[in-house]
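First come two forms of one protein chain, each written alone as structure tokens, so that there is a structure 1 and a structure 2.
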Structure 1
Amino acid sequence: MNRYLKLLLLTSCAGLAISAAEAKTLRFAESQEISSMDPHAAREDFTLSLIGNVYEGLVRWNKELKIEPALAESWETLSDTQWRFHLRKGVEFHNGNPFTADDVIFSYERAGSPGSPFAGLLEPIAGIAKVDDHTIDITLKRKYALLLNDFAGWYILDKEFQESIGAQKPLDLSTNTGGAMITQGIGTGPFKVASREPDVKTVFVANEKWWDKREHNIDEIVYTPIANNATRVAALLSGEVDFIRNAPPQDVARVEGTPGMQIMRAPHLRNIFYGMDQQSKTLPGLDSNPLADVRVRKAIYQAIDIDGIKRSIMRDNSRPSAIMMAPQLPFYDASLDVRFPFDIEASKALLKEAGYADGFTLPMDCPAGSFINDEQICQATVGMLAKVGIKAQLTMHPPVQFDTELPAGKYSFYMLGWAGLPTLDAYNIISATFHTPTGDLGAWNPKGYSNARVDELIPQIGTEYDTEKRQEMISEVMKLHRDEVGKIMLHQQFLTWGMSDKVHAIVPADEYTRFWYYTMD
């Protein structure tokens, strides 16, 4: 028994040693777990980012976050509401099946089916018609400017494979037909799913038959979720993983100071801000709503020492921002991105002018763990507001509760962050967080900022194809929102990816891990 055990251990060790010498394995850890191998089952950025190496859409984002052809080689607009896509020929799914128009139509019907998280994304589409095996015509319900952006997040599945495993529909929690896609998935992408144990590890191997030119040299990716920040960083420092997304700012120096380790930084699309109830007549505990007064909002804004937060809490891994749009997005207008200065005296003067010379009590709600150092930022804000007489009463919420209560309009003053993913366009941001809540618009702006002109411009921005006109409208909305302090902007977070210096990665502003651009020494 003992000898057998030893033998077993020896062979397994030897096996590991050999494979490590020959193949390039990238060991990757992040706090979250892939929700599902079903690319239509969860519309959540981390999962889409990771399984985006397995599946592809008609188009994709390149290194510079520009749209480039993927499964569609080219496209043209037949009219304002009709698009023709020419599909790439000779593409094979991981199981060897050829990629055809039927797969696109199947994937449209699947992702757009009722109950699918992607139904909203594909909502502008009226129908898809097959012209031939590699040509399709897409009819829109109305003029829509962001079709290609949306298509980058809509992945194509193999019709035959899906039918063979009985997963024609995504996310059917009542009958569990999606269960088949927990551990397997067939796409056309640069990596194939080799094995998967949920919450333990997922192994991807390179797709040798990928249609695109192989820039990467990675043979295998081993993904392990590690939820605890300190444990994850420890795993990197101890050499057990090669790559972690989101090294916490406080550990950046340690990682950089460790021989053989590096930090790669990039600004993230996400802007962090405080949202405010500007519609209620009164706030809890008060007989008025000071936040309805633009002077009070500006006073709070100017009381926040954003550079102090940047230095002490973010450790210089942030960029204070004035508009809710990252410079990496199209239509960004740098001339607008100018903050009101941090100025306690000005803040006090504004409060006095608004009739709150003695300050007031302000309920404040923050998520614990949704954004980088959210808790510390909120705590620091409490201290800063105290200096102008505003007594903020901070409550921290678990994200799941926060995300439920915030849209329900239960908070008066809250922290939120918005990136504009996966559309990568200002429309996504402003339609969700600037528009007066009506129907599906303004869902994340409950009782918040409301401006008739902004509400009028937002739908137009969604449908305008002319870039100059779009630029004008977006700038106008951004300026109005900034000047009226619709939100109190804080900063743009930085991505700080920690990795072994053997890894050569690219860090895009949307935080997606596009492994087909990575190489390892």
Structure 2
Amino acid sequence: MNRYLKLLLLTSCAGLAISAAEAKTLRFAESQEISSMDPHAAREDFTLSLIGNVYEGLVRWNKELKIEPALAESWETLSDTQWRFHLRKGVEFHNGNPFTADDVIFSYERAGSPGSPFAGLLEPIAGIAKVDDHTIDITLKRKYALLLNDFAGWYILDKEFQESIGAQKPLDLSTNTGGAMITQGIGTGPFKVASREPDVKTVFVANEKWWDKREHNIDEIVYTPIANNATRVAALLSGEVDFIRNAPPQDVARVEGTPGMQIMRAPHLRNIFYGMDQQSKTLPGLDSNPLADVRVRKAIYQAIDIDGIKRSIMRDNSRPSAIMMAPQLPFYDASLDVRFPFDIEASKALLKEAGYADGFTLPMDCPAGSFINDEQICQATVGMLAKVGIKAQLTMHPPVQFDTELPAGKYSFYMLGWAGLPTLDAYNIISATFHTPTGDLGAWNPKGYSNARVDELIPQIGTEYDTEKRQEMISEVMKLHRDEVGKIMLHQQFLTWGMSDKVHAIVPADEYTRFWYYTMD
């Protein structure tokens, strides 16, 4: 080999070494697994947060949680019930296919199909018509105030790719029907799916042809699910991973005190609560349904030592709440956020008054890993209820199973959390969890709370543009729900993200990991 060729090879190898050294890989771990690569399969925030880096909507939330254009460059209203969207030109899917109006219409029909978890989100839409390849007209069933908010949580898929893998309908996570999207996904977003081994590892790589200006310097994201809290924290402290969401409260001080580590904090929009079957005539194992009685619901509420949970389990990283709205949301009414006091004797008196002086047996179902310290809170609740004679029989479920069985009405008393995502508005909360289950409304309130006045106000809230009128109606709904103990409210979560100090991240109140804003040293 001549000297010139040797020099050329050495130079090339050195260049490759420098390139490899400069590559930025973010190693990320969380307690749960990504349910699939299908953005229409479940309204499950953790999965949507991650794959929101792969897929995009017509609009998006930016780092300040303000709506901005994404796959739609601009839009205008033609009437109270007609909108025109001008789609961004020159955008390609990760496989090179051009993004057009056909993909938007396909994604609407797919996500809005009967049985889809997103049918409720898209319910106000009567239809979408193609004007040309980069213009669409959207007709609404009625005047609707939150169309853009909803569109930030509805992701657009490549029609041709979906048809090629036989995934024209959302993946059924209960049976994995149409299972190609367990591991495959093609979007337009800043990161592409490089490889995926469910329950082991998912790798994303930067989309070098992304239409937007690149602010991040991440070349690769490696996600590893680590269910055990102690193991996940150990992986962070040892340098095995760079970033964990929601460091367990009991480990926050240790992470923060470790050289080279940091904790980034922010309030979360999500409130945690217990929902319950208030409609069935009987509960499993009983000849009645105690939960149908507001006195029993209030007794359960007052038997729960929420300050004890905050102190001992959440390590002060929570805020006890009385209504299902975080202070960071528009239309929050602080005057309503006043809890019934923790009072064992009052709880016993209410149970006696309702005819359950000796208590009763209560089936209880909770997710394992969906919310911060969910299992510990549920276990603590079992002990608290036992003090007033209620014998809670706790069953923990994997998040995917839980998110499938809960809306199907299989649970009598269950833990759930709601943040108003993706719309960041009270209407999302109340239409999904307060409304009597009817069609697309009340999907996450199976056999639950029902009030005719609340049902009357909810659609009006969705269509009202006047902020004062909207505030009056939202406050009325929240007060009715609070006073009738529609849910057993617990607390608002705080975000405590643990990471290496070489990671520069944003911690938004909706908990979404928008990696296109991240950088690494």
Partner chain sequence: MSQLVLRLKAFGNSELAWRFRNSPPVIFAAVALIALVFCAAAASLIAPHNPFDPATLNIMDARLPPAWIDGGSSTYLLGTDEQGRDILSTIFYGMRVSILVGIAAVAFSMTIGVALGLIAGYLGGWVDTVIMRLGDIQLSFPTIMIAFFIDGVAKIVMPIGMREEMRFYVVILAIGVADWVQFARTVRAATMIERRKDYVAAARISEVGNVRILLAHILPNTIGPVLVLATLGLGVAILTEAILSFLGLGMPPSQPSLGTLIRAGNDLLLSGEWWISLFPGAALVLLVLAVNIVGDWLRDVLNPRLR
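The model shown is predicted, which means the values in this text are computed figures rather than measured ones. Along the sequence of structure 1, residues get numbers from 1 upward.
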Which of the two shown structures is the form predicted alone: 2
Where one rigid part turns on another between the two structures: hinge among 351, 470, 494, 290: 494
Rotation angle of the smaller rigid part relative to the larger between the two structures, in degrees: 25
